[in-house]
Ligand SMILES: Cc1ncc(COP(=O)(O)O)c(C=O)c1O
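There is one chain below, alone, in structure tokens, taken in the form predicted alone.
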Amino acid sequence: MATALRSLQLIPSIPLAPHPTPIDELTRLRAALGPECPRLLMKRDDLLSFGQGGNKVRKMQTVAAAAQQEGADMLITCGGVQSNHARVTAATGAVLGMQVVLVANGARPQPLTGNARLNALFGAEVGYVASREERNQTMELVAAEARAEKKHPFIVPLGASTPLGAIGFARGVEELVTSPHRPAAIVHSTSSGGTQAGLILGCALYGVKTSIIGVSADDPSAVLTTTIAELLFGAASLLGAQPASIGAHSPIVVDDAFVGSGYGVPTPASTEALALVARTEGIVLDPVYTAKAMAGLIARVRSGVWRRDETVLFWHTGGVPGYFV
């Protein structure tokens, strides 16, 4: 494990957001949830100091370093019209002097709002396709055209959720290790799998014994569980580690009970969670990801999953620009 941790720390990384994010105690939310509520903490990755923050920043620090090593002068990625990952990729290209092309499924907002507006501000080019299924093929076509023009494109998969992206996120667990907090559980939003794989990997390597609960924003738990396991095995290969030593054989917990009608569609529980956190703590969640994850946490508190003397940490993965759509 020590060797794998050293390998993790030696993976090249660009310090897009070099400052640790705070861990806030949610005392008023705890009081609102009743006397049996456990101690509640929040890891504020919405406050990462780059590109309007969020979990994608941690992933892009290692993924963009790989792009630089390959001599890339263009980043190509995909996502929905309001993709947080696309926004962070656009900001990364701006700071590294790389051209950025985004392939978004959906229609161009009129006027531009939220992340779509920030993409334009960061100088990205955006092409629109009708469906998710068209994104990968379109990225490959854009890359082929760029190569024909003697450019050096680097395709970043959806969400930067690759083994390398998971390693980038895993490094953030060191910020938890150097804090005084030892939560019994970490609850977060999970979608393309890289964040949850990174948390599992980071907790295993840094010796954090906790339950990691991903609340799905879209896909069924069986699909996400498979994706996360594949990312962990890929990360083990990159680190030269046995999969078991980085948590790849541990149970993967994905709760898909809070998706509702689908991706980006609010539910009564997520709407309540978003308002409750704002009105007790002055913290903004987003309706696509973190509000649904917080709804999952609140439901567990109300059903008595944790004892009053336990500590639960909510890892805020950002996405706040999505509120302004």
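One rule holds for the numbers: they count along the sequence shown, beginning at 1. All of these numbers come straight from a predicted model, not from anything done at the bench.
Unshown form predicted in complex with this ligand; subsequent notes refer to it.
Using a 4.5 angstroms threshold between heavy atoms, Lys56 counts as touching this ligand in the model of the complex. Although the partner is absent here, Gly168 sits far enough away that none of its heavy atoms falls within 4.5 Å of this ligand in the model of the complex. Contact annotation: Gly193 falls within 4.5 Å of this ligand in the model of the complex, judged by heavy atom distances. Among residues of the shown chain, Thr77 is not one whose heavy atoms approach this ligand to within 4.5 Å in the model of the complex. Comparing 202-210, 183-191, 251-259, 146-154 against this ligand in the model of the complex, the single stretch with non-hydrogen atoms within 4.5 angstroms of it is 183-191. Residues of 95-124 that come within 4.5 Å of this ligand in the model of the complex, judged by any heavy atom, do not exist; none qualify.
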